[in-house]
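Coming up is one lone chain in structure tokens, specifically the form predicted alone.
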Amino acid sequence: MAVGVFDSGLGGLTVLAALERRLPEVEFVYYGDNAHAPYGVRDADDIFALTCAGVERLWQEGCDLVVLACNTASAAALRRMQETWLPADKRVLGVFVPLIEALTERQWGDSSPPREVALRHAALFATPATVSSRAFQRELAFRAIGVDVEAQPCAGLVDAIEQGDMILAEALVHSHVEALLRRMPHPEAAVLGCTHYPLMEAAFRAALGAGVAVYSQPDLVAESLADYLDRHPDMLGRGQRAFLTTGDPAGVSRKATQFMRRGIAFAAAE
């Protein structure tokens, strides 16, 4: 019983941890494309090609269902994959939809027309590629009307987190929040649109202030996947738990252990 979890690097480990808590009976195979990280500065065609290659590798591990635990890949590649590339017997899910469903108070699979919701002003913090894709705004528009979204590209933040430089990461969070607040002084909600950012959630909350609701993805994605598997138990694959990387396994393992504060051993994704 295996489900694949794909990310450009280590950020998806925050989603994996939530998936393991919510679905302890499921084996997860994690694939980090660390050799090509970060994706946030790449163009859409490059992200599409790299994401497809990673998903195909997870299929080889017996994972018929893959979660893109990477907002950049979800934003730049997922819809194109689903429309032009995905075989009929495979499924790839992203991390945007569960978040937007929570924002708009919709149940999974609610395909009714977009409607007015209580939320009026939302801040999005994400990588430059996610922001430029406008995928968040597009998916939101399918479900809600009248929501003003101000997006802030958080250049440098993923690199600082992956390098373990939390002093720099915290300074960048405050700088990016200040830049957004100059354009949208009173957001009602803030979306942490990168799976690295939950590690900096406290810094975002402090910079935004107590009046802003902060939405982070891991637990929302885990609940959504649990619901999906209840309805599609046939999508559980045949693989066994593993951590794979396109980078140097020893170096990635050290960073992952520091990143998640527990021992994680990666193997080469040959």
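Numbers for residues come from their place in the sequence shown, where the first is 1. For clarity, every value in this text was computed on a predicted model and none was experimentally measured.
Below, we turn to the form predicted together with a small molecule, even though it does not appear here.
Checked against the small molecule in the model of the complex, the residues 123, 76, 158, 140 give one hit for a heavy atom within 4.5 Å, which is 158. Note that among 208 to 216, 59 to 67, 35 to 43, 224 to 232, the stretch whose heavy atoms approach the small molecule to within 4.5 Å in the model of the complex is 35 to 43.
Residue 191 falls outside the set of residues with a heavy atom inside 4.5 Å of the small molecule in the model of the complex.
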